[in-house]
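For this one, two forms of the same chain are given in structure tokens, first as structure 1 and then as structure 2.
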Structure 1
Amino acid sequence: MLRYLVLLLAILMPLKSLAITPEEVMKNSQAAFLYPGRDFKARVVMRLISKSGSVRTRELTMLRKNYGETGGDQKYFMYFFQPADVKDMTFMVYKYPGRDDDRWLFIPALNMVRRIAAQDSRSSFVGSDFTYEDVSGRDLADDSHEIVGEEKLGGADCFVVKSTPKAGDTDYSHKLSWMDKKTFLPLKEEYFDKRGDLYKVFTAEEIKDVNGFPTIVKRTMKNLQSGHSTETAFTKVDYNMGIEDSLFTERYLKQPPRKWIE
């Protein structure tokens, strides 16, 4: 009897760990990567490095607040420090699953708030190799997902997930993601173009535990075809600070509160 029970357990155990669906992996990853905490803050420094090695810098404070569950609405507030010609600009995004974002930009020299058209979330974020989607996420339902293997990457056991966009309006044909089985953070992503050639690679270089949330604090997106790459570092990361709803309004877009942007 005991022998059968052990056998049954032995059969069930690996089955249970294997039984995770690709959708669950992606959902867990979305929760760990883009939705941790009720709110989030980071000072973001992006180094845009051209093929010849010249560097442009973008520096901003990014604040995020979740509304609802993982995959639900989010609001983002960004304040720019660099480059000099966008200093003091602020940018606000209301992100909704399943439809276009609402975006507002504040231009301090004219003391003017402008709404910005936002149809293409595959657009570059502030000229970098990251897209808006890389910053704030992509609807999971827009792709079909498939676990194509399990691999060790830098000592971490990973699921390898292939995501193929259902619509043909993306700049890539499919993406491979290496998801850490423990944290569900993406450690590497490979984007393949329409001809099936590898053209963009995302790598997570450093992961830190911040208030119990594993957080990628150094990441790079490299465009293999243009040779351009963007290195992003997060500092001053914090979670669950209790950001008020009122921050995400025109009032504070025009007068960003110091306690949040510093």
Structure 2
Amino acid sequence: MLRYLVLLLAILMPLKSLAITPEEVMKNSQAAFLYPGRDFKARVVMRLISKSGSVRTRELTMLRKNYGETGGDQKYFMYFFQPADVKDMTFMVYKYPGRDDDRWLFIPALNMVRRIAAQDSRSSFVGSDFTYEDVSGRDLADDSHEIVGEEKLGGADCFVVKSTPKAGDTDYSHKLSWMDKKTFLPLKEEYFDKRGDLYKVFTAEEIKDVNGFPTIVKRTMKNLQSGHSTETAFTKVDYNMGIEDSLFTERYLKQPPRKWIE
């Protein structure tokens, strides 16, 4: 009898109450893309490709640690191996939802730690087509979100979400994201400039399961207006290694522990 009552209630329940909200989609995507595991480490190779086809390479180690619940504070640490002009450079981010992040850059040629201003969050990250904000993520509350459709992309069923900045602090007017309904990873993102023209596209080229976490291990950002693109590959990916809090200090920007950057 109870089983039939539950079935009847499910039939009578308004469909709208069963639907996922755009905020829930974005929160789930944030958890899957930016917050998996307690901590994270990977070797990253970025290929910066000009319109003419010439290639410059950036190689670095990226580390991340979460503090509190999903969507809470995070800390990032990056160490650069190549090319020569960025070798031994380090980058650190303290991410605080609801307020501006703190960012530091150590420039070995000057033996100087430079604080990166909050308004530089949309600047290019080491000459690539990714911005500083792309690396550490954007606060979900800074945008309004709307599910504008559902589409299949590369065999995956996706929500299509339109995100519009609430303030004029970005170089784009809005963004469309294709979120995998199963993993909630962003499979594609399209950025539209202030005139409403498509100018930048992010694509997830390859996804692997790493310790139970679906992980985008190859991703590309293309600037359609300049013809420049950046291809990024993640190798030696690992989660939940017990990264010490002491790593994320200004002291280690100049002399990072070898065990964490190799």
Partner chain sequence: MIRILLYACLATLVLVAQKAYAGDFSIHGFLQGNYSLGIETSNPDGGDLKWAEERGQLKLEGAQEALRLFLKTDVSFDHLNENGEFELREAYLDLTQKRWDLRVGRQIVTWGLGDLIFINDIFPKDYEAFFSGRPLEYLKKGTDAIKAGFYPDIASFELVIIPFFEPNNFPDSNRFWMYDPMPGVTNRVQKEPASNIRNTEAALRVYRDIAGFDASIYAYKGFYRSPSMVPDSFTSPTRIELIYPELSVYGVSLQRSAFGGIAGFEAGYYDSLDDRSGTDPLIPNSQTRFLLSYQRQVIEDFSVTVQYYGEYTHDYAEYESTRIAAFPKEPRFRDLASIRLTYLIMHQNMRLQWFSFWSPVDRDYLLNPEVRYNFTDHVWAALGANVFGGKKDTTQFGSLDKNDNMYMQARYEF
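Start at 1 and count along the sequence of structure 1; that gives the residue numbers used here. From a predicted model like this one, the values you see are computed outputs, not experimental measurements. In this text, rigid core is short for the largest set of C-alphas that superpose within 1.5 Å between two forms.
Peer 1: Form predicted alone, is that 1 or 2?
Peer 2: That would be structure 2.
Peer 1: When the rigid core is used for the superposition, does residue 253 move between structure 1 and structure 2 (threshold: C-alpha shift of 2 Å or more)?
Peer 2: Yes.
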